[in-house]
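Here you'll find one protein chain in two forms, each presented separately as structure tokens under the names structure 1 and structure 2.
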Structure 1
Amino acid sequence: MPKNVAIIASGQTNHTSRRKDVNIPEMIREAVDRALTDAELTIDDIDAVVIGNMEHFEGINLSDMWASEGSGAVMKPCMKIATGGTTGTSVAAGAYYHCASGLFDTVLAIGWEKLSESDTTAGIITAFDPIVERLTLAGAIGGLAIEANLYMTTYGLSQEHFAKAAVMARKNAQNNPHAHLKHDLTVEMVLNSPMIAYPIHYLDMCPTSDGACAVIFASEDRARRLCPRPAWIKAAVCRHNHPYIGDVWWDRSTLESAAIEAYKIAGITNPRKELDVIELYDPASYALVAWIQHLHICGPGEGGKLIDDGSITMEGDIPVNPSGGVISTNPIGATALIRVAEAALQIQGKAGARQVEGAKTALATGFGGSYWNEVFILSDRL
């Protein structure tokens, strides 16, 4: 069995559309300092660093090298892990395995992106095959629109369901001091915003943000010594898809496969009952509605019902994205790590105004590339 590992602290910048006052290492340093303060540690207590971003976005090759002074990696073991949208969860998994292997005790995971210095869509397009797919898939949105459309028509849902999810997420974001978009929206405002790729409107889509997130992982002994209420990692699972969008099995979800495996490892048999809160990687509002079925929170096509009856709001029985989620905040290399950090904050009871009362078990996801997914389950107990 894997050695036990916990998250003991985290730190985030206040994410926004443009941080002109800091360069990239300075922005990273801000998140790292906040994590170290949260843990009551100094950088000298960190044994190793795992860091990631998408290097095409800012046009910086070897970004882990350049970030050294900000990440605190100078004269420390450092590893860069980058996997697209999942970079944050992949970095979290990297830090988890650093500790679970027994090779390191206190590991700093960092995800960051400064998308104001980037042409993000141009960067994303190059993920796809240059001959067969690059010319027809406009960045991230094209593929998402295909899936949203398929989900809508398969289960007979309307764009209003997606708009309601967008309204909910941006409302939740108002409780999160780190969130980027905190607008008071109405369903009409979302539906009247420009159509980017049918059925996804401008206000259904995630923003591009500047921001960094740092999370401190620790081995069992170290976690018990350093932290009164660690968030224990119960499962970390990743599932990949086919690399060509034309080959992707839309009805055989990598998210569902990863969730089933994670539930098995964590001993969860009834996720709707046993999970207290979910931080879902929602690149567009439809994902909030569509993907909770893959987590077995509801049956196929029942996501709309959960939106209508308020089950996944802050007041519901299974709040999804108290932080506001990805459609409120999206510094891509940090985005999935923020999901893990927010899940840990909920377990640690440190989520402030967005705290889900008594949260004991949380699930976080990362989504990226050609529809692959990572799932983390965190708990207040081993």
Structure 2
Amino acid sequence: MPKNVAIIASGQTNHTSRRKDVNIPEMIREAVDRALTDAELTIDDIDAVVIGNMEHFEGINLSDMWASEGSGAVMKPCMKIATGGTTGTSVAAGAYYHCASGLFDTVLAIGWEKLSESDTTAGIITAFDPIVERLTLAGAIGGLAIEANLYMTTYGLSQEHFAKAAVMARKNAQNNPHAHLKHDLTVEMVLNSPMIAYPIHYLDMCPTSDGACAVIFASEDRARRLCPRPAWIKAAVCRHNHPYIGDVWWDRSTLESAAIEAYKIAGITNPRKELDVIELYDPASYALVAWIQHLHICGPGEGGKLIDDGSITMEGDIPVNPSGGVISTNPIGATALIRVAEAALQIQGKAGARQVEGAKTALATGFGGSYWNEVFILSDRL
């Protein structure tokens, strides 16, 4: 039987477009120090480190070893995980399984990215088939625009629905001291911003951010001793199934598949009623509208209705992305781990102005690679 595991603490940098004041190990150290302070621990209390980023972005060889002075991994067991955009949730899964297996009791998970010093498109283009896709779909936005078009035409939604999601996310971000973009937007401002790839406008899209996130996982005995209100891991599910975006089966979502298994493991039968808050990996505003159905929060094509009636706002019955989500903050190697950290903060009642009152069960997702997805479910109880 695996051990029960909880998140006991987390720390983030204040994410922004360019951190000229620190190098990468120093930026990582900021997040690590904040997590250790949150847990009232020192690096000597950490048994092992799991770290990840989009390793080909910054062009650094052996990035885990290179960053060890910042991560605190010197003379400790350390594992590097790099799975594209899902790196953050994969790092979290690695830390979780390190504790659940009984191998270690306290594990530090770290995700980071300094996109101001990287070549994002050169890295992401490798997710596309080199013969038939790279010339026309280069970079992240082309593939996302295909799905946004497919969703709009299949279910009869409009660009206004996506713009409303962008307005909601940036409004939520104003309550998050770590968020990168905190713009006070209107639907008209989003629709009048430059078109990048139809139907995705400039203000519909996530930024490129510099930042890091650190999360401390602990086995049950240690979690109960160290933390008055742990966020227990109820499920951690990964779905990585194809090498190129052109291989995606659009009617067979890896997010839905992962969510179904996570609900089964966590004993959730009605996610709309049993989940209190969701941190969804939304690389563009359409994703927040379209992917909520894959979590069985609504029926097919009903994401626009949730936007229109306010169900997923902070005042709604199931708030999505109180942090502002990915379209407000995106240091890619840390982005999915931030979703897990934000979900844990909600369970621990430490989310400040973005706290969902009474949150007891939270779901976090990671997205990346070639439309891969990962799902975490956290709870205030075992």
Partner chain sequence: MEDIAIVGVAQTKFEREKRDLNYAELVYGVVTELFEKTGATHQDVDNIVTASSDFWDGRTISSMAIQSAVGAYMKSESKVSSDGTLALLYGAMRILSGQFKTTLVVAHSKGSEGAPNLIANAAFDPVYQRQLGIDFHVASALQARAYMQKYGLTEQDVALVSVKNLANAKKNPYAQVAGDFTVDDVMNSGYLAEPIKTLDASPISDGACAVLLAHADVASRFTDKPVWLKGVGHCQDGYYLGDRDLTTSPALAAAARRAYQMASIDDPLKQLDVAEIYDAYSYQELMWTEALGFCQPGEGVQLLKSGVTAINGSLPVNPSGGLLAAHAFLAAGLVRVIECVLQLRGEAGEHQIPHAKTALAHGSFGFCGQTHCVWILSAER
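None of the values given here were measured: they were computed from a predicted structure. Rigid core: the largest C-alpha set superposing within 1.5 Å between the two forms. Start at 1 and count along the sequence of structure 1; that gives the residue numbers used here.
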Item to complete: Sort out for me whether 1 or 2 is the form predicted together with its partner chain.
Response: 1
Discussion item. Please determine whether the C-alpha atom of I245 is displaced by 2 Å or more between structure 1 and structure 2 following superposition on the rigid core.
Written reply: yes
